[in-house]
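This document opens with one chain alone, in structure tokens, the form predicted alone.
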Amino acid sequence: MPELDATEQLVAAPAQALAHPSELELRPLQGLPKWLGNRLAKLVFRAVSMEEQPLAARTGAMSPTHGYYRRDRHVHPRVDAATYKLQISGVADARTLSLSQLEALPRAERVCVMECAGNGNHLMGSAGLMGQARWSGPTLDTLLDLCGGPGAASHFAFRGRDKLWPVKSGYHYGLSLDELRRAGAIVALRMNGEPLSRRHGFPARLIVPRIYSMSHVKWLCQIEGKTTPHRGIHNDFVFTNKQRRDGRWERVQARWIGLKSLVTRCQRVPEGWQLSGWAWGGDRAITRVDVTTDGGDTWHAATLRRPDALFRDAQGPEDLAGAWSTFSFVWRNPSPGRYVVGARSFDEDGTAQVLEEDPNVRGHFNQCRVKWREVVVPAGP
């Protein structure tokens, strides 16, 4: 249960709010939105190239393309489709492909969560740097087969065309071939059925389901096979935590998305208020989500809709391996006051989302603990 000031007890004086609101605000209990307020926090986020998913898009199975969250580290390039080239090197037979050649290849589809590795950490608080879209394009294996296979390459570096002179020149990130195949990586040419926009990486970007979005390189222009791990700054220093092993703190890279859930909306329904949200991540399928309205003293089973029920047109399980489930819980006519709500997900083996972070891990990334939210229920019908 989160620590609260005396004035923030779970049930307090009646709220000073609209008499009959259709939706209640879910306020983070930590991070910039808590300390600065939502408006100022949003300005701070935008100053460092962060835009969170709008409230209206924080529900349901899909995130609309317009307003899809953004986290950039470089300047968006303008890429000419007619002259675009994707270089593939360090493989059995190096190739350079035009956009028309990429478009002619067989396509796979991935419906998956894309999430900033620092989303919802102790600074971000609001956890809006995430979304879910339908991506399509050739698989990485299709491209490698076109090149006669990976050759001796056991790792790959991916480079974008975004640049910020003179400080930075082109974002890059590396993953092992084993990780890429386990994730079912594709080079996406379409987002929600449409060609990628400039904002989302036109004309091609890497999509790596179940791995944080620092690996989803936009404006992709080069795939480089390597026999050793990529030693780029983003791999080795930026997206890393410290983990205590045998009494020593060691630097480890952020990678697979952990088991998570988040209450995203609190909306009026005839029976009271409906809490809804998403559950995602982890190594196995999520089979249960519990919701609390008293800061964790009691928990109640939510109604869960898994990806295979949300996307019945999927061709196979690999299409949905990184997708979220949705959940809802009807909070029946609570008394006016101040409450703390949260959700907790469980996978098919009974593994539970953690209530607190591992004390043996320090850092900003892959923080999976329950995300608490404060909500004020007004008086009235």
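Being a predicted model, the structure only gives us computed values, none of them experimental. All residue numbers refer to positions in the sequence shown, first residue = 1.
The same protein has a further form, the form predicted in complex with a small molecule, not shown here; the description that follows concerns it.
With the partner left out here, the small molecule still marks one of 247 to 255, 108 to 116, 181 to 189, 269 to 277 in the predicted complex; by a 4.5 Å heavy atom cut-off that stretch is 108 to 116. With a 4.5 Å cutoff on heavy atoms, Arg73 counts as touching the small molecule in the predicted complex. At the 4.5 Å threshold, heavy atoms of Val217 reach the small molecule in the predicted complex.
Contact between Asp162 and the small molecule in the predicted complex is found at the 4.5 Å heavy atom cutoff.
Although the partner is absent here, Phe202 is not a contact residue: none of its heavy atoms lies within 4.5 angstroms of the small molecule in the predicted complex. Distance criterion of 4.5 Å from any heavy atom to the small molecule in the predicted complex singles out Ser213 from the list Thr293, Asn235, Ser126, Ser213. Proximity to the small molecule in the predicted complex, taken as a non-hydrogen atom within 4.5 angstroms, holds for one residue of Phe346, Phe45, Tyr339, Tyr69, which is Tyr69.
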